[in-house]
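One chain follows as structure tokens, the form predicted alone.
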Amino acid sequence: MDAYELITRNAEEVVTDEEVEELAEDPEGKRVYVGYEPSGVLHIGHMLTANKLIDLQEAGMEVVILLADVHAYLNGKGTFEEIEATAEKMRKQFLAYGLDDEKTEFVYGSDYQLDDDYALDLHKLELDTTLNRAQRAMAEIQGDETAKVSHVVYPLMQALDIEYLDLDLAVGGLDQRKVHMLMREELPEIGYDARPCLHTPILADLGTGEGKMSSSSGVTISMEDSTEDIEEKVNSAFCPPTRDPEGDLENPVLEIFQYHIFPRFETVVVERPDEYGGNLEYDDYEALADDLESGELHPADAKGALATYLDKLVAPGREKLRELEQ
């Protein structure tokens, strides 16, 4: 697999293809980042972008993880002391999950976002960006929450972070697309270069195959889950034996195989009793998906294998949490 294929593997969108192709010609030492608001234990959504960061490290790029403590504060996630404690747990879990310690730089937003130069550039963005444009880039407001001024400033800071972290590439879930587009539009207006972006998919709800998987509104898998927790959640997951003919529903079991398991394991073995045909071995995602649709692979057997391999991914982070609690 060449550098471009590795960089763009399992990406939902590349903005722009030409810019990323140019990066892929000489990826060594190029800086790429994902920003995470320290709000809890790592879950499968974080791990999806972490898989992409591992790909980028293998391609030779340097990874920057922004532990966005100021963003979390603006989002009402606690005091700086509380947020910092959560961020430190997340840092250790990322390394336990498989990121290379020597190629991963962790940065707190408060390391630079409170400096005078950053504040002045943020004010420049505020002057240049219409309220309507900033609102379009805002995160969705949950429930009955009322939008605050901080919610509008938040995406402007995300855009500015990409300049201040001296990045060559920005990575995020597809839900970050609107922020990245704001960055590409507005950074040149204050004298900085726009950067290319990679967007990873959003996984479907584990129980229904509808909407998106979310730790706040449904069942998800996190690095604090026990082996039994993972087995229970996966066994109850939505996994129809055929594709949805209307195209309205996704299969979250297949999505997790595609975006989490096959990028991290060369071979996936589905264990079955001899009377049911014996074990199946897969070297790629498409073969497993085809067998599930044809009926060769039963959904229950697919779920059993998924729980086993997910547990292998989660186990190091789970152990790290135990060490922190002792």
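Start at 1 with the first residue shown and count on from there. Computed from a predicted structure; not experimentally measured.
Although not depicted, the form predicted in complex with the RNA is the subject of the following passage.
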Counting only non-hydrogen atoms and a 4.5 angstroms cut-off, does Pro201 reach the RNA in the predicted bound form? no
Counting only non-hydrogen atoms and a 4.5 angstroms cut-off, does Asp301 reach the RNA in the predicted bound form? yes
Answer for Thr146 alone: is it within 4.5 Å of the RNA in the predicted bound form, judged on heavy atom distances? yes
Would you check, heavy atoms only and a 4.5 Å threshold, whether Cys197 touches the RNA in the predicted bound form? no
Residue among Leu187, Cys239, Leu99, Ala134 with a heavy atom within 4.5 Å of the RNA in the predicted bound form: Cys239
Out of Thr220, Ser110, Asn235, Asn75, which one falls within 4.5 Å of the RNA in the predicted bound form, going by heavy atoms? Asn235
Counting only heavy atoms and a 4.5 Å cutoff, which of 33-41, 261-269, 291-299, 47-55 contacts the RNA in the predicted bound form? 291-299
